Ligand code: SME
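Given as structure tokens, the chain that follows is alone and in the form predicted alone.
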Amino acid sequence: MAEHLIVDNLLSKEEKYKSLLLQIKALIEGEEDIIANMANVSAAIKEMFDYFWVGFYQVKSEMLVLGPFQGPIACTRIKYGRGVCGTCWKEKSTIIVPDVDQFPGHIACSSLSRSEIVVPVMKDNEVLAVLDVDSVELDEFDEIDSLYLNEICSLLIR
């Protein structure tokens, strides 16, 4: 296990994502259950990057409802347009927040979360879920994260 961590620390962020994409494709290949796939995707991202929180919220009955995740307890329901996740749902686009304290209406499930990226899971131009990734570091996420996390989310919809 220690050897795995040493190798991972030598890889660039983009190299880690390329490796992660191969792992995720293998994990979800042939599995049709979206919950099972979201669970494995959350675990794979958390394992690769050791982010504070990685998980999904699904659109259900006009709310975002907590789905599979890795990390500490989280908010269970989020209203449309509220917080980073609700705003991602409303805008149907990825949102990168370098400092959550600067995001108007940020929902603080944990005071340890400092930066965040939220990616919509889309089918036929409708948001089915959002992938939420939080870090304890400021300014953790960038366009590389956006590019690869969007690609990962597209794998969930077939």
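Here the structure is a predicted model, which means the values were calculated and not measured. For every residue, the number given is its place in the sequence shown, counted from 1.
Omitted from view is the form predicted together with methionine sulfoxide, to which the following refers.
Heavy atoms of residue 57 reach within 4.5 Å of methionine sulfoxide in the predicted bound form, making it an interface residue. Residue contact with methionine sulfoxide in the predicted bound form: residue 96 places no heavy atom within 4.5 Å of it. Looking at residue 107, you'd find a heavy atom of it within 4.5 angstroms of methionine sulfoxide in the predicted bound form. Contact check for residue 51: every heavy atom lies farther than 4.5 Å from methionine sulfoxide in the predicted bound form.
For methionine sulfoxide in the predicted bound form, the listed stretch (120 to 128, 40 to 48, 22 to 30, 107 to 115) containing residues with heavy atoms inside 4.5 Å is 107 to 115. Residues of 114 to 147 lying near methionine sulfoxide in the predicted bound form, listed in sequence order, are 116, 132, 134, the criterion being any heavy atom within 4.5 Å.
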